[in-house]
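In structure tokens, the next block holds one chain alone, the form predicted on its own.
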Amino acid sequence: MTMDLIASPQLLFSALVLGAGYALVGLGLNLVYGTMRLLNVGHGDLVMLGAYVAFWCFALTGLPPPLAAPLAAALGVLLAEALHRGLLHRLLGAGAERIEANSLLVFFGLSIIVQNLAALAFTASPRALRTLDDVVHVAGVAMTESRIVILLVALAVCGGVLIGLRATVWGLAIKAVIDNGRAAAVVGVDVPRVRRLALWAGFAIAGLAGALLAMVEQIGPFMGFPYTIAAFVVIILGGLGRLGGGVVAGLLLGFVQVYGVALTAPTFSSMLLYGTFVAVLLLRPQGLARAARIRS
């Protein structure tokens, strides 16, 4: 019976959907950390804000979350720019050895503020959307339209970013900054501008992910923390600064959680996520593949 469960195409589909969501969330965090060395422990709160954008667009206008996702991404860009002008340009002026520690404290404080402001504005009661819930049967697998959209959009965005990093001037500049910021500056890359672009992209991707995940998750002010943990698992497991490895790690984390729950019990879901985080830190902190060397 265990083998039948593992071979279940229904379970495979669920793992792919969850893993694609994790890959998308982790991609945004990896862009920011890889280029700027900022430990954004409030990354999941951007997902939460994107989810609220989708909820209120749907509640007030009937706009479905996939169409509200660009608005959530735009909010992410606005927040990134405001944060950059208000705090980050000073933080980045500190010595390289202080950036990570300072950013950890800054983003932790901002996370607490954002969560409590969201609770004050929207109450702490969880909310949910009911949209795109028609069931489609493909090869004996029952798929809701919402989960199909999440899978396709997440994979498309991840694939588009990875292709863009190889095929565009800005993508190559981002890769150069991730690999060695000082060397990139020496050969003429506008490092501050590239870092700002990566910050915009990272925040936008998190907001977009939140709008998509709002279709299948309960929405609340404190929903972001598990996604923050998942994003850190993804970037550590895939290798810091290795965006392609992070996408693969996100899919792998989805498989670990879905199949782990299927073989144990739903109450083990959080334990599997946090347990994976601790295990990665203890056993493979450099990632499954050799991590890229990231210099400021």
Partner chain sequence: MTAALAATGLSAGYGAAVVVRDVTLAVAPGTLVALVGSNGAGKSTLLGALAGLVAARGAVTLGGRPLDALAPYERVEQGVVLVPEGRQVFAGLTVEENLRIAAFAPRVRGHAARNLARVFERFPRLDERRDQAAGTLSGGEQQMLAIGRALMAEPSVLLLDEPTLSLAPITARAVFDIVADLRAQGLTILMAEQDVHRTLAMADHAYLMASGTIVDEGAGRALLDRADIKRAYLGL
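Numbering follows the first chain given and starts at 1. Quantities reported herein were computed from a predicted structural model and do not represent experimental measurements.
Beyond what is shown, the protein has a form predicted in complex with the partner chain; the following relates to that form.
- Remark: L120 does not count among the residues lining the partner chain in the predicted complex, judged by a heavy atom distance of 4.5 Å or less.
- Looking at K175, you'd find a heavy atom of it within 4.5 angstroms of the partner chain in the predicted complex.
- The partner chain in the predicted complex is approached by N180, whose closest heavy atom lies within 4.5 angstroms of it.
- Residue contact with the partner chain in the predicted complex: A156 places no heavy atom within 4.5 Å of it.
- Of the candidates L88, A201, A184, L75, A184 is the one whose heavy atoms come within 4.5 Å of the partner chain in the predicted complex; the others do not.
- A heavy atom within 4.5 Å of the partner chain in the predicted complex is found for exactly one of V169, I112, A82, A101: V169.
- Annotated contact segment (heavy atom within 4.5 Å of the partner chain in the predicted complex): 187 to 195, selected among 103 to 111, 204 to 212, 187 to 195, 148 to 156.
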